[in-house]
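Take a look at this single chain in structure tokens; it is the form predicted on its own.
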Amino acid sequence: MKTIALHSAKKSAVACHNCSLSELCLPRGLNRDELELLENAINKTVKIKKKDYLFHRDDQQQSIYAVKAGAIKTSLSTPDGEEQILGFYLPGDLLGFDAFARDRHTCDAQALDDTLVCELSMDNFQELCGKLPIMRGQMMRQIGSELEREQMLLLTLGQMRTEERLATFLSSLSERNKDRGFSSNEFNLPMARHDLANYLGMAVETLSRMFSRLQEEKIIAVQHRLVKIEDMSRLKQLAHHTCRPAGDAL
């Protein structure tokens, strides 16, 4: 497993305004000159082979990345090799903000499959934020989304039962696919079962039982990594969970 050589990749052959994901990772409301400025600032499209790393923990921050195809997981590892998965990044997602605090990445980013990312160097990023106020706003929204995702993970792990955790994840993934113009009712999971179990804080055997339970209840159907949501309303009902204020009845 290795970190990719970013300088070896070529500039993207597809302009931003022709990319199907432009509504997700580009600031809205750019005029033609601003869009051209942004397109010229994007260094290249980088291809990452399955299991290769985009960056490692403590690597110097070089760029912001937008996932164009494939999927990436971020994780932390203990000195004895135990891994904790922090998140999954799908087409249209931006990553690299973890290095903003101290100019070094705080986690590892590994491709779950052959993956394409668009790279925007930090020099170009800072220049664009100076020239395009709308760019700063977009970045603030992205950072806010990162914080919201982390808070939701804490809620999921701390307050939800195992079946609620899985239902919440599948419901969230369904919404993300819908936002990207893909099917919200039928999709492939980009991660292996052991990665998903790690992320949701349960054993692989427990995760398998939860999948089986949701299938038995006719909420989903599963074939290998293909998930079909058969009863979206019941899935969302199971995923709906709010922390009760102190003093409320259990």
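As the structure is a computational prediction, the values presented were derived from the model and not from experiment. The first residue of the sequence shown is number 1, and the count goes up from there.
The same protein has a further form, the form predicted together with another copy of the chain, not shown here; the description that follows concerns it.
- [ ] Please pick, from 209, 57, 68, 44, the one residue with any non-hydrogen atom lying within 4.5 angstroms of another copy of the chain in the model of the complex.
- [x] That would be 57.
- [ ] Go through 90, 173, 155, 112 and name the one with a heavy atom inside 4.5 Å of another copy of the chain in the model of the complex.
- [x] Checked against the cut-off, the match is 155.
Open item on the list: residue 121 versus another copy of the chain, in the model of the complex: is there a non-hydrogen atom within 4.5 Å?
Closed with: No - in the model of the complex, heavy atoms of residue 121 and another copy of the chain never come within 4.5 Å of each other.
Task: Contact flag, residue 163 vs another copy of the chain in the model of the complex, heavy atom cut 4.5 Å - done: No, residue 163 is distant from the partner.
Open item on the list: Please tell me whether any heavy atom belonging to residue 148 falls inside 4.5 Å of a heavy atom of another copy of the chain, as the geometry stands in the model of the complex.
Closed with: Looking in the model of the complex, residue contacts with another copy of the chain include residue 148, since a heavy atom lies within 4.5 Å.
- [ ] Answer for residue 169 alone: is it within 4.5 Å of another copy of the chain in the model of the complex, judged on heavy atom distances?
- [x] No.
Task: Partner-proximal stretch of 217 to 225, 44 to 52, 196 to 204, 181 to 189 relative to another copy of the chain in the model of the complex, 4.5 angstroms, heavy atom - done: It is the stretch 196 to 204.
Open item on the list: For a quick check, can you give me the residues of 70 to 109 that have a heavy atom within 4.5 Å of another copy of the chain in the model of the complex?
Closed with: Sequence-ordered list: 76, 77, 78, 79, 80, 82, 83, 84, 86, 97, 98, 100, 101, 102, 106, 107.
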